[in-house]
Each structure stands twice: as structure tokens, then as C-alpha cells.
Ligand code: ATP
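The form predicted alone is given below as one chain in C-alpha cells.
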Amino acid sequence: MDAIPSWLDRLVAGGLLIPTGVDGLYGSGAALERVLDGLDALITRAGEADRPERVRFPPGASRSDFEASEYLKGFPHFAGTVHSFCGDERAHREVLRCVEVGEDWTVGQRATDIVLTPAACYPVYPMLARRGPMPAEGCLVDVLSWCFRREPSNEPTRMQMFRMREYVRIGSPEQVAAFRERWLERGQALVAALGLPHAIDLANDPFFGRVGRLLADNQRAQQLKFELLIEVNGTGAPTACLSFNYHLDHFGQIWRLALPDGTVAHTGCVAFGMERIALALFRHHGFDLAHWPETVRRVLWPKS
């Protein structure tokens, strides 16, 4: 009896994901890109009334900023660094020899001053810190970035490199709390308009190690993170496709983000896992875009 194709097999056979030979690293086909473009525009429309500052960063971030962010305290297992050849001609010959005989040719590489971006919001805080004090109304930033997390998996929604779209709010505790509540409503309305069944649940980040478990418990106790969950992989375990995060003054302290009265700014964000939401749409509406519900098509492509 032939094996039933897995969800990943179906996505590959349908031309949505293009394998690279590395688990969790995929190219994307035309249909997936069309949905991602429509989703990106939809998220823009959902937040444009707030008039955010729009910025875009590459998938690489400053190593010094990354170290200052304290990401390594909680997530060393996800971090990715950019290494490069820094040797002379003799070292180059050794690299070629290693390649030829199948030995490790990377041993002579050294870390550069670039790391892979772990979350879209991370370059935002040092950007604002370099500008000086916050205005009284705080700041709101719209950011999109390719992100990296070292988490090899055959689960299509657990990619090592993926796109994350965020709205990041910096301001007083009241401003940030109101922002998150507003986006908890908006996020659910947006996903409902896409015809996707979903649920909101209290969550925590996957912190590393024994200390990480304490951090996770504290995060949940303070209700700092909520996730919007959608069934994507067909396993019965839903996938977090949006997250709604309140960081308290964590990044404000690190980057010395000050409000006009001298108090430390609080920060929060709503993050959209772009590929996860797009794959959820294919899971629930099928692989043929022409046969998707007309209401969903109008939401994603209102001018077509």
C-alpha cells in the first residue's frame, strides 16, 4: 500500500514549497508568493490608520546590537551567526583541499560583525535609541524582515528562515497595553475575514534551559504573551500564527529608551508569521486559488 503523502509532501508536489535539501529551508512558488503579497497588503491596511513609521531591514543584524539585546540569555539554541573566510592564499588552498576530499572546510572561518535577525523587531530598538528621547506620544513602527531560528524540522510551519511582519509600539505602559488590546481584536478580525478558524491562548516563549523554565512561568503569570492559534499541519495541534507581546521595560532598559518625563519606555509588538498564515489558508481553502471563497479572495486581493 502506498504511503499517504504528508502535508509537506503535498506542499512540495503542489509547487508551494521548493526543497533545498535542508530541513526547514524552502523556496516559495508563485501561488504562495501571491498569497504572501496579498497578506502583506492586508496587514498594511489593518494598521495604516495608526500611521506607523514604515521600515524594512535585511535578514542580517549588527552583532554588537544583537549581543546587547540579551537574546543569548534566553535563546542561544536559536541564534545564527554569519562567518566568513578571513585567511590568506595558503588558507584558501586548504579550504579547496577540504572540499575536494570531503572534510570540513569551515574550520578556518571566523565570525563577522553580522548575525542573522532572530525577530523582526530587534533592529527597531537600537534604531530608535540612536535618535534620542521618545516623543510624548511614543513611537509606532511597521517592520518586516526575514528571520532565522536554528530549529531544523520537517514540519512546514517550523522553518529555519521565514518572514515576520510586526507592528512595534514604544511608549508608556498605558500606551503599550492599549496597543496590545487593540491588536488582539484586530488580529482576530483579520484572521476571521480570511475564513480561518482560530483561538487565542496565553503563551510563553521557548526559553532555554532550567532558568528558561522560570522565565516562561513568569511570562505566563504576568500574561505578557498571547498567541493566535490555527490548525495548519493536520496533526490536531494548532500552530501559533500571530503573537501579541508586552515586553514591559526590558528593551527600554537595554537601549535606554526614555520618555519626555525621564521614565523608561515600555515596548510591545504584534507579530505575524507570514508563511504560517499563508499555509493555513492553503490548508483550509485548498491549493487552487480560483476556488477559494470569494469573500476571502476579496479580502486578499480587493482590486482583482
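Residue positions are given as counts along the sequence shown, with the first one as 1. Computed from a predicted model, the values in this text were never measured in an experiment.
Not pictured, yet referred to below: the form predicted in complex with adenosine-5'-triphosphate (ATP).
Q: adenosine-5'-triphosphate (ATP) isn't shown here, but in the predicted complex, which of 59-67, 37-45, 268-276, 253-261 has heavy atoms within 4.5 Å of it?
A: Among the candidates, contact is made by 268-276.
Q: According to a 4.5 angstroms non-hydrogen atom cut-off, is residue 227 in contact with adenosine-5'-triphosphate (ATP) in the predicted complex?
A: Contact with adenosine-5'-triphosphate (ATP), yes.
Q: Taking any heavy atom pair closer than or equal to 4.5 Å as contact, tell me whether residue 157 reaches adenosine-5'-triphosphate (ATP) in the predicted complex.
A: So residue 157 counts as contacting adenosine-5'-triphosphate (ATP).
Q: Applying a 4.5 Å heavy atom distance criterion, does residue 208 contact adenosine-5'-triphosphate (ATP) in the predicted complex?
A: Outside the cut-off, so no.
Q: Quick one: does residue 242 come within 4.5 Å of adenosine-5'-triphosphate (ATP) in the predicted complex, counting heavy atoms only?
A: Residue 242: contacts adenosine-5'-triphosphate (ATP) in the predicted complex.
Q: Scan 151, 217, 201, 181 and let me know which has any heavy atom within 4.5 Å of adenosine-5'-triphosphate (ATP) in the predicted complex.
A: Looking at 151, 217, 201, 181 one by one, just 151 meets the 4.5 Å heavy-atom criterion.
Q: Among 164, 128, 190, 141, which has at least one heavy atom within 4.5 Å of adenosine-5'-triphosphate (ATP) in the predicted complex?
A: Comparing distances to adenosine-5'-triphosphate (ATP) in the predicted complex, the residue within 4.5 Å is 164.
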